[in-house]
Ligand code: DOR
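The data below hold one chain only, encoded as structure tokens and taken in the form predicted on its own.
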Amino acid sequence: MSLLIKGGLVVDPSTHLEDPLDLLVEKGKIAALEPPGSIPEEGRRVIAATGLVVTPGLIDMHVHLREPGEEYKETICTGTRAAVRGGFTAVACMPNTKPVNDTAAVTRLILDQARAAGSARVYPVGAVSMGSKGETLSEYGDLKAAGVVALSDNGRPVSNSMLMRRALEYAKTFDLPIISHCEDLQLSADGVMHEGQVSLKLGLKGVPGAAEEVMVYRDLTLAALTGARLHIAHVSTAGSVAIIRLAKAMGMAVTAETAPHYFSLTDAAVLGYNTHAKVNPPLRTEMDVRSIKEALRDGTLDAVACDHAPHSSLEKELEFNAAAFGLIGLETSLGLTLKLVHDGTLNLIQAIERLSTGPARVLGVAGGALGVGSPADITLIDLNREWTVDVGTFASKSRNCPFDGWTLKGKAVMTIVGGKVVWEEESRG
């Protein structure tokens, strides 16, 4: 059945479009964009979008779906269900599964499970090194042929500089970006939160911002040497922002992301030994938060990616030092990013760019646009919908969310993948 989305404000960052238009979907593609009332309704499902924003489907380029190996935390089915509820039509899943996604067989398993789930598209990320151990490179040609869109040892840095150089050179031959987890393990050591006044007050070992920044600088230097595509994951510090901004000004082909918790929370969220605020890299200072926001505004940071990292209570309801790093974010990412629109940090086109068009461009995947002939991956958003975060209603299996109880303004109300409505708010059904 064809869909006619009527009366919405169509926002497409790829063409700087922000106009009220009707949008026609046929055979899984966008068939027409016309002035309101000019496309006939007969024989079509009409979706009333008056008062809503119609955007390219949101894409989160950094999630952990935990399958294979840790399905008690999350599965591809539950993770993609959480994604579409959050407005995401596609996610890129990190390779730190059990076993690690370092072979074509694991990649194919992930894609098979994603097809069976029938929710969001899933783009697997392959491991830079076998087992993500930082010793031997994975077979990038086999991984790309199986369907990976990028490479990363996310969760672990590639500490060996020569191996990182070789990885960048090898990845370049297959036109695959390397997504770098920037962390100097000697500097971060056994740290569990940001090194500063709060860590001193709590008596917890801290991680200095330099642990991230020195590796950002190293990887940018190696990217310049090799001419390879480098993407910096989960940027958390003002120093990292400054280094990336300088690299871009010099013409380097580097891209970077941050996560909503790095512009929504500071290390003060750890007070009370709140393990839901234990993340890696750690929450930083107010100055870092301001720098992250400015970097999103000026384009130094290309994407918002939630780093959805589900854990069960077995890993989180522990003494702080023993608790796992990570929080869930697929169902709160849009609302937290829209706070930046409501407070004037970003305009609407910039916000959707960081959540959709930017990630599509970095990964080199279809999406992030609403042009005629594009895949009909579409998100409908109510910018003015106020709602309270309630982890008890989440589709994710896990509940490790520091935003539980927050009131947010702005929410996805319908998610369309390939012309099929895969999720809609019950009140619209």
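Computed from a predicted model, the values in this text were never measured in an experiment. The numbering used is simple: start at 1 and walk along the sequence shown.
Keep in mind the form predicted in complex with the named molecule is missing from the figure; the text below concerns it.
Asker: I need the one stretch from 332-340, 104-112, 264-272, 318-326 whose residues put non-hydrogen atoms within 4.5 angstroms of the named molecule in the model of the complex.
Answerer: Heavy-atom contact with the partner occurs in 318-326.
Asker: So, D307 and the named molecule: in the model of the complex, are they within 4.5 Å at any heavy atom pair?
Answerer: Yes - in the model of the complex, heavy atoms of D307 and the named molecule come within 4.5 Å of each other.
Asker: Can any non-hydrogen atom of N154 be found within 4.5 angstroms of the named molecule in the model of the complex?
Answerer: Answer yes; at least one heavy atom of N154 falls within 4.5 Å of the named molecule in the model of the complex.
Asker: Classify N96 as contacting or not contacting the named molecule in the model of the complex by the rule of any non-hydrogen atom within 4.5 angstroms, answering yes or no.
Answerer: Because a heavy atom of N96 falls inside 4.5 Å of the named molecule in the model of the complex, the answer is yes.
Asker: Is H234 near the named molecule? Define near as a heavy atom within 4.5 Å, in the model of the complex.
Answerer: Output for H234 is yes: heavy atoms within 4.5 Å of the named molecule.
Asker: Identify which of S159, T226, T345, N280 has a heavy atom within 4.5 Å of the named molecule in the model of the complex; exactly one of them does.
Answerer: Looking at S159, T226, T345, N280 one by one, just N280 meets the 4.5 Å heavy-atom criterion.
Asker: Taking the named molecule in the model of the complex as the reference, which of R284, R354, H181, R121 has a non-hydrogen atom within 4.5 Å?
Answerer: Selected option: H181.
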